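Below sits a lone chain in C-alpha cells, taken as the form predicted on its own.
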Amino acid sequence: MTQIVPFWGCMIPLRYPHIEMAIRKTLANLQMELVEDLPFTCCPDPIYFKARDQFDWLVIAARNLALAEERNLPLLTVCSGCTSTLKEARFLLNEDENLKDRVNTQLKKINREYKGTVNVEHAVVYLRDVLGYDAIQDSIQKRIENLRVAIHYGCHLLKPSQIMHVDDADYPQLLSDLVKMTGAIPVTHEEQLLCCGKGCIDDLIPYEMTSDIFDSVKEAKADCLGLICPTCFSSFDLGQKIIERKLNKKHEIPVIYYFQLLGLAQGLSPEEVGLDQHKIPMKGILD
C-alpha cells in the first residue's frame, strides 16, 4: 500500500461528499492508504483571500504544508484551487528565505514550522507521475466504451506553468490520457481551457462564460463534460440550472468528476460513485 496525506479542501467534504466517496473508493482500488489525522484548515482560497491579504494567505497555507511535513508524506489534493494555493505558497516560500522566516515567526506562536520539504500534487498528476498508467490499467474491471467525454481543465491546474509543472499549459494531454485509460473517448473542444467563470464578480458574466463552454461541448458532440475541480463542478452542474433561469438557455449536459468515471471503469456502481446526487441527470450517459 502507498501512503499519502489527502487534502480534501472545503468544497468536496461540505458540498460534494459523493465526490469524496468516489475518490476514496477509487484510490483504495489503486492500493493507496490515506493518512488522515491532520487538522487541516481551508487552503485558503487562491482568489479572494489572497487578493485581500497575501501574507495571511501564505501563513495559513504554510501551516497546512507544515502539518503534512510532520508525516513526511506527499500531500495529495483533489481541488485545483487548493493545488494552486499550496503549490504557489510552497514556491514563494522556498524562493524567499526572508519571507519564509517571517511566516515561520507567525507559525512559531502555534509551535509549527514550515521547512519546505513537502511535495504537493493534484491526484490526477499523482496518478500519472507516481502510480503510473499501468497501475490504473490494472485496476480497470469494466471499460467504458463509446462514451465521449469533453475535457475541461479549469484555470488553476495548469497556470502559472512555472509553478504548477503539470503539462503544456496551451496543449495539455493529462486529462485526455487519463480518460482513455477508462476506455472512454476524450473530446477536445474550442473552449476546453476557458475559465468556468466562478471567479468573476458579476451577476451574468460567469453564467455567460459557462454557457459558452456548454455550446462548445455540444458542437464537439460530446456526451458529458469531465473535470477535476469541485468549483468547476459547481459551475457546470448546479450552474446549468441557474443558466436556465437567468439566460433562458437549457443545456442538460451531464458533468462527471474524473474519479467518478474511473470508479465506473473499476466496476463500482453509479450510486457508489455518487452519480445519483447530481443536479443534471446522468441517465443518458449511463444508458
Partner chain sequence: MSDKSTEVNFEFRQRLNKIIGGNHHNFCYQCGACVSLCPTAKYSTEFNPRTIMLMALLGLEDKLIAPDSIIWKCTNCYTCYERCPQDVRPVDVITALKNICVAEDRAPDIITRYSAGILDTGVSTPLSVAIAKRREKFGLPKFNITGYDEMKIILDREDSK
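Positions refer to the first chain, counted from 1. This structure is a prediction, so every number in the text was calculated from the model and none was measured.
Here the subject shifts to the form predicted in complex with its partner chain, a form of this protein not shown in this document.
Chemist: Determine whether any heavy atom of residue 63 comes within 4.5 Å of a heavy atom of its partner chain in the predicted bound form, and answer yes or no.
Modeler: The answer is yes: residue 63 has a heavy atom within 4.5 Å of its partner chain.
Chemist: Hey, in the predicted bound form, is residue 189 touching its partner chain, heavy atoms inside 4.5 Å?
Modeler: No, residue 189 is distant from the partner.
Chemist: So in the predicted bound form, does residue 101 come within 4.5 Å of its partner chain, heavy atom to heavy atom?
Modeler: Although its partner chain is absent here, residue 101 would stay clear of it in the predicted bound form, with no heavy atoms inside 4.5 Å.
Chemist: In the predicted bound form, does residue 170 come within 4.5 Å of its partner chain, counting heavy atoms only?
Modeler: So residue 170 counts as contacting its partner chain.
Chemist: Every residue in 138, 270 and 280 with a non-hydrogen atom within 4.5 Å of its partner chain in the predicted bound form?
Modeler: No, none of 138, 270 and 280 comes within 4.5 Å of its partner chain in the predicted bound form.
Chemist: Answer with one of 244, 69, 223, 45: the residue that has a non-hydrogen atom within 4.5 Å of its partner chain in the predicted bound form.
Modeler: The residue in contact is 45.
Chemist: Heavy atom within 4.5 Å of its partner chain in the predicted bound form: which of 95, 145, 134, 129?
Modeler: In short, 95.
Chemist: 175-183, 120-128, 145-153, 191-199: which one contacts its partner chain in the predicted bound form at 4.5 Å, heavy atom to heavy atom?
Modeler: Heavy-atom contact with the partner occurs in 191-199.
Chemist: Using a 4.5 Å cut-off on heavy atoms, what residues in 132-165 are near its partner chain in the predicted bound form?
Modeler: Heavy-atom contacts to its partner chain in the predicted bound form: 155, 156, 159, 160, 161, 162, 163.
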